[in-house]
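Have a look below at one chain only, the form predicted on its own, in structure tokens format.
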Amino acid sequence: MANLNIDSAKERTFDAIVIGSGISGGWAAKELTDKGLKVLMLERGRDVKHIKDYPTTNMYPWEFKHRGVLPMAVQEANPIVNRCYAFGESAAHFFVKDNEHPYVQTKPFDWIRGYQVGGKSLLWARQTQRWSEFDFEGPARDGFAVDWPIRYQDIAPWYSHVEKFAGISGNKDGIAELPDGEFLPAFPLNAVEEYFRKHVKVNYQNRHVISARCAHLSKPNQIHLDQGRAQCQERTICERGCPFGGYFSSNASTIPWALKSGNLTIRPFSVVESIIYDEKKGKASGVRIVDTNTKKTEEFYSRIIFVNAAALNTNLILLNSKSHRFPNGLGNDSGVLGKFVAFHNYSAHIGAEVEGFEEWATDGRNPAGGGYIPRFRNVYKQETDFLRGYACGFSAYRGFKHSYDGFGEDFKAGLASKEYGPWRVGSHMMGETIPKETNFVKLDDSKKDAWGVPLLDISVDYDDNDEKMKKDYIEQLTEMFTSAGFKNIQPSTNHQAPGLDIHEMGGVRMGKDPKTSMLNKWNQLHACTNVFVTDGASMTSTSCQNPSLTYMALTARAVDHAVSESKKGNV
């Protein structure tokens, strides 16, 4: 029996374990296997294989039983995830349903999740901007959060590394607050978007409208073809999974690449209960999981562990990884684990009508979504009564002038009208929220999930800084729209709960000082150096750019360090 046990432990021992298979987990697996390590990837959800498991990707609207709209009973049973724009009949199978994975909302929080191989990389909006020096300097300059332990120059080469492999469309715009990258051709702006771009350039110093940068293969390079991916078909139904691999996802890109190496083992249906800490060695020795099918507990072992479970679940796993050495969670000597959670504020919008441009209409679809206005507030100096700033989406569109009046033939004719209506423009705010100790997550004292893991209790909210920023966005965009001659300008704000942005970050933040942070400059736990956290949990602050590209770059950088240090015997 002793030999059998030894053999069993050997079979469950790998060079590295990656917890999670989303955007950052996929990158961890790719980079580790590229370097020759035998890797186990743990995923709590089911397996989803590229192309094979995209059941709706080639369906026409009329082929859906409910024409794409979920029945009211399903919507009412899932009030949280139903608020997500992509939760419809065509993609509902990639979303976690509210009652299947409960959590505690001490304060309202819309936790949108995708539990399957590939995670939310199948569902993301694919916006990919580099963070700038202003973002990494921000906390030190403005006095919020703690100072990042890295600067833009530390991560810039790794942005290039991941951009070349993932495929990012964009223009080299030469904007300091939004550094250029290794771009494929950008998707062009339409006539009204281009008009607004020129208007802003002429009339506003340090404000820009650019083509949104997006993880779509506008013109594949050989490295993308080698991945088995093809040019984006501009179908804009990406949330169903793309059989062409036209947009970047773990399923289409990093995971099949890692599998091709022969070094990756994927174990779906594996809820991570905790990370095992070896008191004698002073290191983590493995991961304890609960098989969701058998409900049995199993352990897997490795000398390197990457935690990429998505920000809040990464917090949960570390909080639940208790030992004699770490009674308050793995690596939590500082007491900051679970604290300083932040997100992006998307709760303000503005729309308007545009006269003229009647000789133009939109033709085809733009998977990048149109334009993007980089942050222009408090960049070079503090100029408002709130900290940090916001970026803005911007798009213009023109639809047919449908009518719902009349009966019979008149009604049908109104619906089928091919007469164009006016151009309309729209924008939404993407504001940086300030990491605060009062925004935190913790384990519930008594409630557990179906696998015996404590539920996560989320206590995250807006603050006065967010309200001031939102007010400024409305004022500035209204002024810019008015200046451009747009009519019938309609600003709006809502009170959507935090979380619907799906950009939750923090709780396991990086920092220079182990007394005030969890991770060092290599995304390595200060107090348990063979555990790395490179997903959103590691963010010290949130910038106002989309974060996914930064997760990818940090992951590739951390893997390079981990493997290098491992060879030296330091990990």
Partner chain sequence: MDRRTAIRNLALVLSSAAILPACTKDNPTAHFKHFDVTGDQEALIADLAETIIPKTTTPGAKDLNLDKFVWLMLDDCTKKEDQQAFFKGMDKFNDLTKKMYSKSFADCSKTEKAAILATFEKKPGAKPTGRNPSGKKDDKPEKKDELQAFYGTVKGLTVFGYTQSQYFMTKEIVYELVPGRYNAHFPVKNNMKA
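These figures come from a predicted structure and were not determined experimentally. Numbering follows the first chain given and starts at 1.
Unshown form predicted together with its partner chain; subsequent notes refer to it.
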Spot the stretch among 540-548, 522-530, 53-61, 35-43 with residues whose non-hydrogen atoms come within 4.5 Å of its partner chain in the predicted complex.
-> 53-61
Of 485, 157, 71, 174, the one that lies within 4.5 Å of its partner chain in the predicted complex (heavy atoms) = 71
Answer with one of 358, 467, 142, 180: the residue that has a non-hydrogen atom within 4.5 Å of its partner chain in the predicted complex.
-> 358
Report yes if any heavy atom of residue 364 sits within 4.5 Å of a heavy atom of its partner chain in the predicted complex; otherwise report no.
-> yes
Do residue 379 and its partner chain share at least one heavy atom pair within 4.5 Å in the predicted complex?
-> no
State yes or no: in the predicted complex, is some non-hydrogen atom of residue 234 no more than 4.5 angstroms from a non-hydrogen atom of its partner chain?
-> yes
Any non-hydrogen atom of residue 223 within 4.5 angstroms of its partner chain in the predicted complex | no
In sequence order, the residues of 85-103 that place a heavy atom within 4.5 Å of its partner chain in the predicted complex are 85, 87, 88
